[in-house]
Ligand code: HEC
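The data below hold one chain only, encoded as structure tokens and taken in the form predicted alone.
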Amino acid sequence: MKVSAAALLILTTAAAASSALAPLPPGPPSNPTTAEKVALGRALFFDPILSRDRTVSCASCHDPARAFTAPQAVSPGVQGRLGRRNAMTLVNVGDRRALTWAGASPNLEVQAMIPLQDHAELDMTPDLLRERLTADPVYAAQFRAAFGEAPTVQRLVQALAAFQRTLTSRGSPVDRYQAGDGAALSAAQVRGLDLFFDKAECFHCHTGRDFTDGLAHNNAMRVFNPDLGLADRTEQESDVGRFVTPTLRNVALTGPYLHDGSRATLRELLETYNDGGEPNPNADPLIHPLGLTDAELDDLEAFLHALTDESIARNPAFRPERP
């Protein structure tokens, strides 16, 4: 099995970057990670106490068994209200600098406020959050242990962020292949790897150790998109339909795909890219027909499955402490 020189160079560079950056940073100076914060954040993440009607939690949209995503195109929040975008994976989210599909949050602490207050998600207010957590003696004690003070919204989002920074994934077959285990990938997966970094041109946007450039692109998946994407923030016509490149780690577990969940399977997604998408005035110039054969699509899909880290679903630290 041979891999192109370009693919080997990119994989080797990504592996070196992973080694250089491991272990992951323990948190920003404003919120250094501690065991107490992580324990509190873990409890809160799985607890519907954070939703107005106490029916949904963070984990309702970010299930560990699905690499912290959800099986729906868009997830239901309180009273069954539907959001407008597909739930993104939280795996390795501590590495990201542009969070949400439109890059609306610079860090996890800021990002946590969006679903907490969104009418279609948890639909809470700062006052109600503080009242509920203060009235719960277990949480009141955990906040004192973690922060030395009573519950506040600022401390709540810091605890959630501390837990999310522990959600790391570096154990896929591709990681083992990068580390020198030539048997970690099948022949089809090696061919798919070569396609990924050559004819299929995936590497332009899906680069680095998490297979994302962290930038917003219009991938021409729709002629007209009612979701403005990055233009929600910039109000620039050229940003309409641009969304941040998602990580491909554990991608076989995270369907349905794209910001609107409009592609049900990996194969459907790959075939759309192979066709060159749909006419769109803001389409990224990288999007064009690829000319991949069915056999090549098979190999490319096999490679993407090799980015699955099976330990994500089994790691007890990523599950609620009590069912």
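As the structure is a computational prediction, the values presented were derived from the model and not from experiment. Position 1 is the first residue in the sequence shown; the rest follow in order.
Same protein, other form: the form predicted together with this ligand, not shown, and the subject of what follows.
Shown alone here, residue 121 lies within 4.5 Å of this ligand in the predicted bound form, counting heavy atoms only. Taking the partner from elsewhere, residue 85 is found to have a heavy atom lying within 4.5 Å of this ligand in the predicted bound form. Residue contact check for residue 201: one or more of its heavy atoms lie within 4.5 Å of this ligand in the predicted bound form. Looking at residue 77, you'd find a heavy atom of it within 4.5 angstroms of this ligand in the predicted bound form.
This chain appears without its partner; in the predicted bound form, the one residue of 133, 240, 185, 160 with a heavy atom within 4.5 Å of this ligand is 160. In terms of contact with this ligand in the predicted bound form, the residue from 43, 65, 290, 49 that brings a heavy atom within 4.5 Å is 290. Not one of 178, 311 and 313 places a heavy atom within 4.5 Å of this ligand in the predicted bound form. Here the chain stands alone, but in the predicted bound form its contact with this ligand, taken as any heavy atom within 4.5 Å, falls in 104-112 among 104-112, 146-154, 169-177, 133-141. In sequence order, 266, 269, 270, 273, 284, 286, 287, 290, 300 are the residues of 266-301 having a heavy atom within 4.5 Å of this ligand in the predicted bound form; the partner itself is omitted from this view.
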